[in-house]
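First, one chain by itself in C-alpha cells, the form predicted alone.
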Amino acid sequence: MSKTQKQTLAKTAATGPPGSPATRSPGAGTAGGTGVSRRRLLGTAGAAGATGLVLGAAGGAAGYAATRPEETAALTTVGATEAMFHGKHQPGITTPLQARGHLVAFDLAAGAGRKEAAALLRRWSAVAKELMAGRPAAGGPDGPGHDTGIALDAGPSSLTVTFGFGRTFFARTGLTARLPAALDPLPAFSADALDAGRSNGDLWVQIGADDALVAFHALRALQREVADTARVRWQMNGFNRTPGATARPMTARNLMGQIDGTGNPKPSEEDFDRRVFVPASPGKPQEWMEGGSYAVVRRIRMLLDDWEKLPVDRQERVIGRRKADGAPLSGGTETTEMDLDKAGPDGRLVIPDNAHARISSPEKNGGAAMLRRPFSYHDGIAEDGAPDAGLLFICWQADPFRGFVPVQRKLDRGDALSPFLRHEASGVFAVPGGAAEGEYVGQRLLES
C-alpha cells in the first residue's frame, strides 16, 4: 500500500466516509464539538409502543476502534446507537425492542449477604456503564480487570443492561422491612406448568442489544463479575427481528406470525408514567423504588404444531386481529381502536367474545395495562417432538397486581388463545429506578 493510500485510509477511519455522521461539522445536533450527532429519538413502531433516548455514539466504539485505528471504518447506524446507563429509569424498559436478549437469574451464595450484594451491584453497574458506551469491560473494582474481546469490532449496538431484585433477595440481605407488597407471589393460573428451577431468583438481569455478539459479550462480562457471590439459577435467550430488516419500522411479530404489541401504552399518553413507573413515596419503606418498575417474566411455550393447523381465518378469530397487518377484525388499520360492539351480517360479534385482543384490552379490564416488551425464543425440539419455542414474555408496570394479574385472570377464564400456550416459568422482580451519576443500581436500597 502506498503512503498516500495509507494516509487516506487513516483519515477515513478517523472521520468516517464522506457524508457520514462523523464527517458533519459541529453545529445543530452535535455536542462537545465532536461533529457527531449526539441525540436521535427512536420511534415507537418497532418498539412495542415504547420510546427510548439513545445517542449516536461519538466515542462509543473508541475503546474497540483504538486497537487497530488504521483499519477502522465508521460504524453503521445500528452499531453506533447508544442507550444511556444513567437516568431516572433503568435502560431496557422503554428502550425500543432489541434484536437479541439474555435473561438471567442468580441466587446469592451461602454466606453472601447485603455487603456482598452491594459490592456485586457496584461491579455490575461499572461494567454495564462501560459496555453500553461501547467501551471494553475493564471489570469492576474487584473484577477480572480485562476484556474478553468478544465484541472487539462492534459499537454499543443499543446495548442495555437492567437489574432487578426477587422476593427472596430481601430475606437473604436482611432487608425484609424494605420488601414491597408488589413482590407477593402471583396467583396460580390454569395454563401454568411452572418449572421451579427456572422461576424466580434473588437477582435478575436483562440484557438486550441489536447485535448477538454484543449481547453475549455483556452476558459473559457480567457473569465473570459474579465470582463467588452468587450462582446462576436460570438463563433464557431470546431474539426479535433485526432493526432495518423491514421496509419501514413496524410492530414486531411473534412466532405465531401475529403482530404483537399494538395495544401497548405509549410514553406520549398522559397516564403512561402512572401505569409503568413507581411514584415517589418519601419516608416510606419502598421509597427506594421511586422511578422503578416491576417486571413480570414468563416463559410461554407456544404449541406451534397445533396453531399452524388452523386456517388463517380461524387464527384471526382467536386473536381478534388480521394476521396480515394487525388491524382489528372490526376494520381499519393496526392502530384503529377496536369496535367491540360491531356485529356482522349474521348478528355475531365481528371480534368474538373470547378473542385474545378483546379479553386483554384495557376496556375489558378496568383500564389495567402493562408495557409488554418480549423476546421470542427457540430451544430446539422438546421431548414431545414439537418445537420448544415461544415467548419470553416481559411486562412492566407500577404494580403487577394492578397490571399483569387482573388481565391474566381474565385470560385464564376463557381466552381462545390459551389452548395454544403453556406457561413454563415465572418470576416477578423489583427493578429500581436508574442510577444517578456516581451511583450504582440499587444503592438507595442496599445503603439505606
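So that there is no doubt, residue numbering starts at 1 and follows the sequence shown. Everything numeric in this text was worked out from a predicted model, so none of it was measured.
Beyond the structure shown, there is the form predicted in complex with a small molecule, which is absent from this document and is the topic of what follows.
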Handout entry: One residue of Asp260, Asp202, Asp210, Glu225 in contact with the small molecule, assessed in the predicted complex (non-hydrogen atom, 4.5 angstroms)
Key = Asp260
Problem - Contact residue in the predicted complex, chosen from Thr229, Gln286, Ser330, Asn254 - any heavy atom within 4.5 Å of the small molecule - result: Asn254
Handout entry: Three-residue site His356, Val407 and Leu421 fully in contact with the small molecule in the predicted complex at 4.5 Å by heavy atom
Key = yes
Exercise for the section: Would you point out which of 97-105, 173-181, 148-156, 367-375 contains residues with a non-hydrogen atom within 4.5 Å of the small molecule in the predicted complex? Expected result: 367-375
Practice task
Would you please decide whether Met338 lies within 4.5 angstroms of the small molecule in the predicted complex, comparing each non-hydrogen atom pair?
Solution key: yes
Handout entry: Partner proximity in the predicted complex: Arg321 to the small molecule, non-hydrogen atom cutoff 4.5 Å
Key = yes
Exercise for the section: Spell out, yes or no, whether the shortest heavy atom distance between Ala398 and the small molecule in the predicted complex is within 4.5 Å. Expected result: no
Handout entry: Touches the small molecule in the predicted complex: Pro362 (any heavy atom, 4.5 Å)
Key = yes
